[in-house]
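The chain below stands alone and is given in structure tokens; this is the form predicted alone.
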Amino acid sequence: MIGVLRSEWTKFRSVRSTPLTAALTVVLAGGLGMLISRGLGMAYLDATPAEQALFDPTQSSLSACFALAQLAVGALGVISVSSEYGTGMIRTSLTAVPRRGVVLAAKAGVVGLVALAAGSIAVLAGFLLGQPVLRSTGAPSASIGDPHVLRALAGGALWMAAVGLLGVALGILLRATAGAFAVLVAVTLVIPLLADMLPPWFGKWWPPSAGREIFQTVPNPEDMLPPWAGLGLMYAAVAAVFAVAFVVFRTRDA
């Protein structure tokens, strides 16, 4: 298994777009985190007292992570698979390692660790760059030592890693970069944005939406799952997609 992990890491870092995509994850989280924090900070000044009481500075500065940075880290997972299918190297990989479960586990391990590392840097960048911007607008800000902030940062990194793993599973299922990425965007971004137009229970139980509760440090007035329970649902859903991907991977020709 160590040898397979080493080969998967070599393949992963050999694709030119992977380091750029990892860097883009951090840039989006930090740069857009500052812009979004400024916008939300200005909106805080015009909000009602009830709305101001629900203002969450930590979640505000991390908004870029689940708005756009997640798509970059999800693309890492998609590219790790689709690049091999696009070049035909997947046949070579399966000839060298016929046990497809081992190949899939190695891909998930490499992408999961890279996504976790990139996600950790991204959420930390979003937080550290966003909080001074919030303070400059006159809105409340947070520090790492405040209640629930470390949980939001650690859980946010885990949430980003889950999106990266979802990208791997979708890449296995669809075998095409465009198709897999389109589904990733729909599942993690478009559908959660439409949650307000759907029944209230949908946002509570849709895994990416439930997982986003980990970013909250102020209690959500809506009927949502607790932060860790929501993240657990997100990982359970990713595991279910992986189970389907594993069955398809074993039974379908390369």
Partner chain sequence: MSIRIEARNLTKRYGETRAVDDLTFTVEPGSVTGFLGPNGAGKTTTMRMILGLDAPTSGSVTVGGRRYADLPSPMRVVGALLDARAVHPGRTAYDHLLCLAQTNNLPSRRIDEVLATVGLTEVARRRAGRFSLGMSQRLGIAAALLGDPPVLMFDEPVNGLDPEGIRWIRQLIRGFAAEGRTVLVSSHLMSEMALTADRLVVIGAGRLIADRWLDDVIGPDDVRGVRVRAADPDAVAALLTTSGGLVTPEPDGSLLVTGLDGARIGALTARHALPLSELIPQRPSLEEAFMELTRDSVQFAARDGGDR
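Predicted model only: the values in this text are computed from it and were never measured. Numbering follows the first chain given and starts at 1.
Note that the form predicted together with its partner chain isn't included here; everything after this is about it.
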* **Region of this chain that lies against its partner chain in the predicted bound form, out of 82 to 90, 124 to 132, 141 to 149, 163 to 171 [heavy atom, 4.5 Å]** => 82 to 90
* its partner chain in the predicted bound form: within 4.5 Å of a heavy atom of each of 7, 10 and 98? -> yes
* Asked: Is residue 15 close enough to its partner chain in the predicted bound form to count, meaning some heavy atom within 4.5 Å?
  -> yes
* To do: Classify residue 94 as contacting or not contacting its partner chain in the predicted bound form by the rule of any non-hydrogen atom within 4.5 angstroms, answering yes or no.
  => yes
